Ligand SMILES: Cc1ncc(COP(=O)(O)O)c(C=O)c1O
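Presented as structure tokens, the chain that follows is alone, the form predicted alone.
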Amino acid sequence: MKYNFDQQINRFGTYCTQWDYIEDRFGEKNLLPFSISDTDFPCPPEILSTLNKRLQHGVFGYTRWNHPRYKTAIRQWFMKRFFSEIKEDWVVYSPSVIYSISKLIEILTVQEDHIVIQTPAYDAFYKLIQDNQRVLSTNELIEENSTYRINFEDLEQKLAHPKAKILLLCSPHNPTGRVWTREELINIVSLTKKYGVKIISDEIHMDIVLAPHSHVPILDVADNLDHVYLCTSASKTFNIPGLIGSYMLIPNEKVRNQFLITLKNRDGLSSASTLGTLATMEAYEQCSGWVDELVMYIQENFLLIQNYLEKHLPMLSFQIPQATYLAWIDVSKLPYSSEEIQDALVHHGKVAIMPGVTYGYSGQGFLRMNVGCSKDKVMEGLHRLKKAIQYLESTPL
């Protein structure tokens, strides 16, 4: 490998959510964290070099995103990675994917309209739907041996509801790691078209897809682009969420203009981050090879987990996901509640791994472990997981 993903960097003291503030979520300090989904990897050296050069300039005034280089970098990335052709006019800046989704929900729906999501689901989806006073409509995924598929019969029922206005799609899916096939996406588009439901597709994990699977942008299968909205960012892939910045692809000109007015005039957020915008352009222009190596390293981490669990914790089961750097581990065969498992992990294993119930009721019996880190950290986390389970096993029921 050209790049070193084994390097471990001390993130303490950097106001890091995952390391410095782990107590906020788990109630205890000094835990080894595998929680929030950023990674422990440094940015590609190409990005660091560009940012360092920009820092030496010393002036950080207002900047703009609406220029040919920014849009061309995004367009070329989609063409190179997904063979997907997008138009320059579709590209709009946004400070974050969650902001994008929230604003689209405001623009496209009214209070009490239904937003359909597939569960288990990224926990922020629940909050933004509820706090926008919309109604959460859940299409529970069908789980078979830790592999998930869409319940299309139930999905049609949910989309057929007269108040259903948006399907909030997560593609690839967090937390299960499913990569939706072209056929599945065509079926989704067909159903939403049948019932007049719009699609907002969160594709922030689109680059972290393991072979032989491939990501298909929702715009590639939509026959009515006016009803499809794609939200994504370079932040997950290149570990730059702290630099701020994401973007949307909005073919619908009217909605695009409404969003831009909201972004600038109402919310005052149209001034992009100088470093975030620069990092996105550099990433998409120069760092394709780094992403390829990153994905291979993540796959090796998943293999470590699979082999370790088979050998040391056979009551736990794990299927390598098709995408993301999130291991979705089945602990349902253990005779303990989610609360008991979390108590043992935190207080005896000294490790922070997300309980599956965070992502909805159907996440019961699972753990979500972020493996965007060195192999040594993954192994230490697994040892601590084992220690926690051994504690439970040694404690009388």
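When you see a residue number, it is the position in the sequence shown, counting from 1. Computed from a predicted structure; not experimentally measured.
Keep in mind that the form predicted together with the named molecule is missing from the display, and what follows is about it.
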| item | value |
| --- | --- |
| Partner contact for Trp290 in the predicted complex: the named molecule, 4.5 angstroms, heavy atom | no |
| 4.5 angstroms heavy atom contact with the named molecule in the predicted complex for Ile298 | no |
| is_contact(Val97, the named molecule) in the predicted complex, heavy atom dist at most 4.5 Å | yes |
| Contact flag, Thr39 vs the named molecule in the predicted complex, heavy atom cut 4.5 Å | no |
| Listed range touching the named molecule, judged in the predicted complex by heavy atoms within 4.5 Å, from 276 to 284, 202 to 210, 103 to 111, 78 to 86 | 202 to 210 |
| Sole residue of Tyr93, Trp90, Phe302, Tyr122 within 4.5 Å of the named molecule in the predicted complex, by heavy atom | Tyr122 |
| Interface residue in the predicted complex among Leu155, Leu316, Cys170, Ile218, criterion: non-hydrogen atom within 4.5 angstroms of the named molecule | Cys170 |
| Residues of 135 to 166 having any heavy atom within 4.5 Å of the named molecule in the predicted complex, listed in sequence order | none |
